[in-house]
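To begin, one chain is listed below as structure tokens, in the form predicted alone.
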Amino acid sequence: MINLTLNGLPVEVEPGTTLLEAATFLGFPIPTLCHMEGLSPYGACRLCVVEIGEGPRAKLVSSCTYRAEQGLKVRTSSARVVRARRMVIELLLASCPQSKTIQDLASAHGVRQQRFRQEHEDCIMCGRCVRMCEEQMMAKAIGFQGRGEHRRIGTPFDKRSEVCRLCGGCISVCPACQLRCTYSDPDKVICGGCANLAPPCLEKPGFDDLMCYMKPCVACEISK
């Protein structure tokens, strides 16, 4: 067994366990987007970042791909982690503001503004569809093409794939395909209909970690 500290709690996990699996098993919520149960870890969206280490050497890593290590100290909701996640959500909103999945993530994590130019992309390169087609449908009908800003998803040679069964699996897992009617004005792009209050404990000086992980948070409910 591997011994590590998760949000100040000494825990033991099996070798090969990812930090996301460990936190989820112990009841510490970590948001994900490119990660999906039944598909291999990908680590593309960076929404599941956690903080490991202490002091100036502490760093952010994607919990879905980082495996537990002996003596590792992990914080899943420090102030640094929360800021990083909110920035990721803002960037995702700029790429695909019409996505219901991203809209709901923004509301749930206290993102109240979108400061970047909206692109209205039809793909956020999360890789869900590619992994679904290869790992669950056993087809490999689609895949990534190109690199950098020219990277996209398509079929080999941009021709209709002979192995595609039109099962719809790729569409069913695509967060960009789950559309919601929204404004084109950046100031109104976030619906906020199901918005939650931000944890008040993170606003206190000298307190860098969440006070609790209850849903709803007791402190948040009292502060209403």
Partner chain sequence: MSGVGQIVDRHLGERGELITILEEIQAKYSYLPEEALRVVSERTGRSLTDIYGVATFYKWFSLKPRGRHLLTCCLGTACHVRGAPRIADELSRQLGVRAGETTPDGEFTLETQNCLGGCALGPIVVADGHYFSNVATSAIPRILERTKEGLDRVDARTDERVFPVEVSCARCNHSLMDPGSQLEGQPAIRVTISFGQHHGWLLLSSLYGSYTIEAQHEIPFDEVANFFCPHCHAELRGASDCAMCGAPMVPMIVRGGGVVQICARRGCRAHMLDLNGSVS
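Remember, it's a predicted structure, so these values are computed and weren't measured experimentally. Residue numbers count along the first chain shown, from 1.
One more form of this protein, predicted together with the partner chain, exists but is not displayed; see below.
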{"item": "Distance check, Gly143 to the partner chain in the predicted bound form, heavy atom within 4.5 Å", "value": "yes"}
{"item": "4.5 angstroms heavy atom contact with the partner chain in the predicted bound form for Pro156", "value": "yes"}
{"item": "Exercise: Glu54 in contact with the partner chain in the predicted bound form, heavy atom 4.5 Å", "value": "no"}
{"item": "Contact of Arg147 with the partner chain in the predicted bound form (heavy atom, 4.5 Å)", "value": "yes"}
{"item": "Stretch in contact in the predicted bound form with the partner chain, which is absent here, among 23-31, 159-167, 61-69, 45-53 (heavy atoms within 4.5 Å)", "value": "159-167"}
